[in-house]
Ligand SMILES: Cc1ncc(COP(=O)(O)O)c(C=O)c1O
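Only one chain is shown below, in structure tokens, and it's the form predicted on its own.
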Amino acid sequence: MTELKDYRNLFPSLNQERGGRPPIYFDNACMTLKPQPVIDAILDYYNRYPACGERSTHWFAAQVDKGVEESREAIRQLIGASSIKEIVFTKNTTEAINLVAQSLRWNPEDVVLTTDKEHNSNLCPWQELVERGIVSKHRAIPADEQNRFHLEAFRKVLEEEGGKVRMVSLCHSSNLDGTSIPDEVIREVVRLTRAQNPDAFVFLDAAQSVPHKQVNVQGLGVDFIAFSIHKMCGPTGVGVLYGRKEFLNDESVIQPFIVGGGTVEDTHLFGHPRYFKAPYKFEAGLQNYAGIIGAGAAARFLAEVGPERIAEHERVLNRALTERLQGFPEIKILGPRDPDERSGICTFYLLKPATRFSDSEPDIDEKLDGRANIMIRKGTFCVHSWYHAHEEQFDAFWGGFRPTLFRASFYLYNTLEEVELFASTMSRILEEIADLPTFAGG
């Protein structure tokens, strides 16, 4: 078996230098780097058979169709789906969630439940349904004191709604702090949801889980999951919606989202079009064939590396970084104290007001990039709602200070040496600002 460290050599973007230093890429929760096998698969399409799929029967088109279906099969295997007919290609996680939100046949009294720290992609589509009067309510399940999914809080909200919950859509792993909902808890969520309403669905935003650990949709028992290929060593502009085939092909449950070329088997000037079966009736228009073929290469690459090896490697890195950051009294880590519960994400902030810096907010990320080519993310990570919900808490503790969040996120090609360089560079940056007024908090 290939050692995990040896896979690093397959990523061309890591084999370069700036200022005599290699890149250290800790922004993997946003997008991962691309290995040579994925790049080769994309170039192979453009170099050898850059034709249209699903329509023609010639030599090039047959290769396109073969490549697309092989990708569907590779993704089916990666997530443990029962059929390639359950794998719908979209542009990204956002489109996949919107597809379900806009296509399900809702009842006006339906209620949608999410967590209280959803990415905008798993919040806005459901809020829009409420705004348009398509469903009656959206409710957010409050997290526990360590920002983890709270099963008892979920149970309480479910009971309060008295059988009206039609959709439970949860972030499987949070892009905010890396916390995941354990498999056994998801199975209990499925059981409880169906017990109160047999017509309800459970949906997982798996954008931060499928790339980083083993996900088996049949074992979880969920109805839908969505994820993006650009977060799992693949190209941009390709996402996946998994849906149980008995739902995808039942027009009394879900109808086509965008219709037209590629979705219809036959049409007449008058009358209802005859749509293909899933997944094709949800894949309107000419597709991103190069991207989809690259997605299959990415899925095969991850299967070869091994999702559980990736998960354990990320935990090792997070333990090491957490230990180092806990040695800085100026830094507070967001989420559970145990790094094993934060997978490959370490989000932190400085325990001092932003106004004590020369600019409007800390520039730790820019300093890390400029000095050591260390790339992290700063901001609210598309979880504005969580940040705003905690403004009063921040105000009460820090007297008007709303901290800037920084996120370091790992992947299979990162190393302990990179973590050490991150920590030592942070130490020097913190020393430089130590002459500013005493740090607040603790």
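Predicted model, so just to flag it, every value in this text is computed and none were measured. Residue positions are given as counts along the sequence shown, with the first one as 1.
A second form of this protein, the form predicted in complex with the ligand, is not displayed here; the remarks below concern that form.
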Notebook entry, point to check: Is there a non-hydrogen atom of Cys171 within 4.5 angstroms of a non-hydrogen atom of the ligand in the predicted bound form?
Noted result: yes
Item checked: Partner contact for Ala408 in the predicted bound form: the ligand, 4.5 angstroms, heavy atom -> no
Notebook entry, point to check: Might His119 be said to contact the ligand in the predicted bound form, defining contact as any heavy atom within 4.5 Å?
Noted result: yes
Next item on the list: Although the ligand is absent from this view, report whether Arg342 comes within 4.5 Å of it in the predicted bound form, heavy atoms only.
Entry: no
Checklist line | Joint contact, Ile87, Gln255 and Ala278 to the ligand in the predicted bound form, by non-hydrogen atom at 4.5 Å | finding: no
Check: Just one stretch in 68-76, 260-268, 119-127, 187-195 has heavy atoms within 4.5 Å of the ligand in the predicted bound form, so which one is it?
Finding: 119-127
Next item on the list: Only one of Ala297, Leu241, Ala207, Cys233 comes within 4.5 Å of the ligand in the predicted bound form by heavy atoms, so just point that one out.
Entry: Ala207
Note to self: Just to be sure I understand the contacts: of Asn147, Thr114, Thr347, Asn175, which is the one whose heavy atoms reach within 4.5 angstroms of the ligand in the predicted bound form?
What the structure shows: Asn175
Item checked: Contacts with the ligand in the predicted bound form - residues in 89-115 whose heavy atoms fall within 4.5 Å -> Asn92, Thr93, Thr94
